[in-house]
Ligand SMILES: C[S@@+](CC[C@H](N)C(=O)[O-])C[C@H]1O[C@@H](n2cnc3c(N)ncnc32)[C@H](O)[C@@H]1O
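Only one chain is included here, represented as structure tokens and corresponding to the form predicted alone.
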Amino acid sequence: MVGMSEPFPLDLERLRRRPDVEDPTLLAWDATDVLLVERALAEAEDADLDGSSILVVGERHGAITLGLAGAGLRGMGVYQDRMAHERALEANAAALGLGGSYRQLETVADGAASARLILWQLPRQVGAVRRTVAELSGVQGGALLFAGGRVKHLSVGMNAPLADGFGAVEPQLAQRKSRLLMARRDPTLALEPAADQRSTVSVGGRRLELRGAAEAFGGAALDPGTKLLLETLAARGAASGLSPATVVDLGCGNGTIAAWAALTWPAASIEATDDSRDAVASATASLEASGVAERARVVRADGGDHLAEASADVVLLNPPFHQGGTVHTGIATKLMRQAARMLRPGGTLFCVWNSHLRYRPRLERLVGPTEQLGRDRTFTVTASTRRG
């Protein structure tokens, strides 16, 4: 099935994505996961490594960690940005009888000092690679790195930050449309902490200071869909003069929407939420830099599942439309359902979406009556009223 010379130490078909989007067209693993495990097991045997000296970065649903555990290794340190991925790993470990086989880390740096072997599913952004390399500065000299991804998502620009932190980068032969990059930590290299991205923007009549950590959607940039959403609301007098008591920025990214909402509705309680650690850090920094930190709370949660039913007057949503490198509407649908759950009857979901995705019937079905507020060449802005 996966083209291995020996059986893979885990039945990959038993892995599930839940509570991430579960769909027959989306696998819970890819060939990069398999290559990383193959190389790790070979290195562990040759260098007599135990699991506690292995650091897994960028794990998604558990294929790397549980592949190692299936081969008998224990105590791997695992860093995951998204909460949905943490929960998927935990659920898969329990289902396979491998619970307790790994350590969940709060930061990459937490596992750096003890790591002799690092396995990394690379992000698609060079900036995110650079930041994570800086967080790996505590890795001891001689530690071995295998970083990889699907060939179509790798770029030559990733080699420079890897070389800055580890030394010479040796690309490995591509296999099954994936490729690994190998490097060994040069102890003579010193790394400075990576600075977060930052920008100052004016949107919807508000001046905002945005900050962006490694894997936060859009970095510190003003997303064009978010721009249309906020300018449309501003042009309509913040949606016809609404005075909401509770506003939720669902999937907050870098916090642009939450900061704008805090300035627009100063009497409202603002809740910004995202399942990405980097998004939460970015939104927190953006709110502080914009001078509205005391008016808003930022919480890491899966789809705002920490919020009570019927607790919000307004939800603002710019949903993602990708699962990894695949266009998929699963996360958007999940967030729309969550918006409907948390809205009070008569409350409003303001949503911006790529027009070709034709979300209006879905919003009508999941939330309630929906009207178009604005549209440009790419995006549509709608208002959906929660049914009673």
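Predicted model, so just to flag it, every value in this text is computed and none were measured. Residues carry their position along the shown sequence, with the first being 1.
Not pictured, yet referred to below: the form predicted in complex with this ligand.
J.: Would you check whether this ligand, in the predicted bound form, lies within 4.5 angstroms of a non-hydrogen atom from each of 149, 171 and 180?
T.: Checking in the predicted bound form: none of 149, 171 and 180 is within 4.5 Å of this ligand.
J.: Could you tell me which stretch in 52-60, 36-44, 334-342, 23-31 has residues with non-hydrogen atoms within 4.5 Å of this ligand in the predicted bound form?
T.: It is 334-342 that comes within 4.5 Å of the partner.
J.: With this ligand left out of view, choose which of 77, 303, 165, 212 has a non-hydrogen atom within 4.5 angstroms of it in the predicted bound form.
T.: Looking at the other structure, the residue within range turns out to be 303.
J.: Sort through 276, 132, 290, 92 and report the residue having a heavy atom within 4.5 Å of this ligand in the predicted bound form.
T.: Residue within 4.5 Å of the partner: 276.
J.: Hey, in the predicted bound form, does residue 226 get a heavy atom within 4.5 angstroms of this ligand?
T.: Residue 226 belongs to the contact set for this ligand.
J.: Even though this ligand is not shown here, does residue 82 get within 4.5 Å of it in the predicted bound form, heavy atoms only?
T.: Taking the distances in the predicted bound form, the answer for residue 82 is yes, it comes within 4.5 Å of this ligand.
J.: When the contact criterion is heavy atoms within 4.5 Å, does residue 320 count as touching this ligand in the predicted bound form?
T.: Heavy-atom contact with this ligand at 4.5 Å: present for residue 320.
J.: Any chance residue 251 has a heavy atom within 4.5 Å of this ligand in the predicted bound form?
T.: Within the cut-off, so yes.
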